[in-house]
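This document opens with one chain alone, in structure tokens, the form predicted on its own.
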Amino acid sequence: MLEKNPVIFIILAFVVIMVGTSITMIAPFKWINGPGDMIAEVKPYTPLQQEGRDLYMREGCNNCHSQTVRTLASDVERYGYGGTYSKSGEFVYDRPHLWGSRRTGPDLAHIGLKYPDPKGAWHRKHMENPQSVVPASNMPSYAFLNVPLDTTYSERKMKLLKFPYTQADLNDLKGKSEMDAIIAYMRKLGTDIPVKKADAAATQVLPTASNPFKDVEAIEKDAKSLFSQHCASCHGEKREGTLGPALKGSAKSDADLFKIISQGIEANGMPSFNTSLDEQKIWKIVTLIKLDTK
């Protein structure tokens, strides 16, 4: 009996474990992560983005934020931001990958799609004072990142990772802060793969009729709550305007305001709300925006 011969038992157990390990962990590398898994649109990080990624790891951001949109429909709707679920080819240049599984904060795999502002104004305000844009956030302030970026090893990193770069890329690091670098990294996440406009249109919230809320007083409380939750971080609690313009008594038509809220304005960095707000909620916000005295 094997149990009476511990030496043979240990050897056979080791063989069985190694066979299982080889089949499930070693052999798959023969047919995964090959040319067929690469996505042509996914590009390596620039020196500034790579420095930002290193800062992201240094500050332990991956302890609270995952970076993989799961295949569940609810996950795609919540964290896809117009894109789809994460694919292996998106992470081909990640050393190491930062997929994670713990979500104390939201998933950031496609955060660049949610806030497309080319200046990163929302990210900067959020990093410096998270509660100013997300009042319920327990994220600490990272205002201390407003210090000069150490670029001593930037070129060496690019060579080690075999990422293409130019002298202009290295020159772009001059005068940058750590805050600039981490914002550049987050702005890239999820943006390499173009979002199909047809897919975005398919999920777009379209009004079925004109604004049904003519009695402002009846919905004012709900409207202010929705505005505070979704809009105040950029337009101010009193609609006075901060990152975005003031929204008191807009001259735009109800239909135009509905379209803007639903689709967003990518050029100005305004995200779309077609997946987070239904038609009734958007109309309530439109009604509030039209007010010019409250």
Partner chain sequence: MNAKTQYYDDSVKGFIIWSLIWGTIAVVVGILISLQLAWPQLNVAPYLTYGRLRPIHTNAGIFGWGIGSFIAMFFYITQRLTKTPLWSPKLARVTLWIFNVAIASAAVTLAMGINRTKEYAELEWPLAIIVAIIWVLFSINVFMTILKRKEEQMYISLWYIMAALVGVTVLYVVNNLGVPLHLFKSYSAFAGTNDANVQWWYGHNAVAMVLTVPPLAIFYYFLPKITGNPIYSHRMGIIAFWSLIFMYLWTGAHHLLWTPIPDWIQTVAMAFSIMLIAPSWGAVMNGYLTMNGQWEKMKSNYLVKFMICGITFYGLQTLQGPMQAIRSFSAFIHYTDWVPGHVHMGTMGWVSMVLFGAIYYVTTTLSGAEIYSVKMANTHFWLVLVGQLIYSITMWIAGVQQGSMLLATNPDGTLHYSFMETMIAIFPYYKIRAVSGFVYLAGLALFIYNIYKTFQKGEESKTAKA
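Residue numbers count along the first chain shown, from 1. All figures in this text were calculated on a predicted structure; none of them were measured in a lab.
Omitted from view is the form predicted together with the partner chain, to which the following refers.
Which of 91-99, 187-195, 211-219, 115-123 sits within 4.5 Å of the partner chain in the model of the complex, heavy atom basis:
Answer to the contact question: 91-99.
Give me the residue from Met57, Ala255, Val42, Ala246 that has a heavy atom within 4.5 Å of the partner chain in the model of the complex.
Comparing distances to the partner chain in the model of the complex, the residue within 4.5 Å is Met57.
Any chance Gln229 has a heavy atom within 4.5 Å of the partner chain in the model of the complex?
Gln229 belongs to the contact set for the partner chain.
Counting only non-hydrogen atoms and a 4.5 angstroms cut-off, does Tyr165 reach the partner chain in the model of the complex?
Taking the distances in the model of the complex, the answer for Tyr165 is no, it never comes within 4.5 Å of the partner chain.
With the partner left out of view, is Lys238 within 4.5 angstroms of the partner chain in the model of the complex by any non-hydrogen atom?
Result no; Lys238 lies far from the partner chain in the model of the complex.
Indicate whether the partner chain has at least one heavy atom within 4.5 Å of a heavy atom of Gln263 in the model of the complex.
Answer no; every heavy atom of Gln263 is more than 4.5 Å from the partner chain in the model of the complex.
What residues of 66-85, in sequence order, lie within 4.5 Å of the partner chain in the model of the complex by heavy atom?
Contacting residues: Ser66, Thr68, Arg70, Thr71, Leu72, Ser74, Glu77, Arg78, Tyr79.
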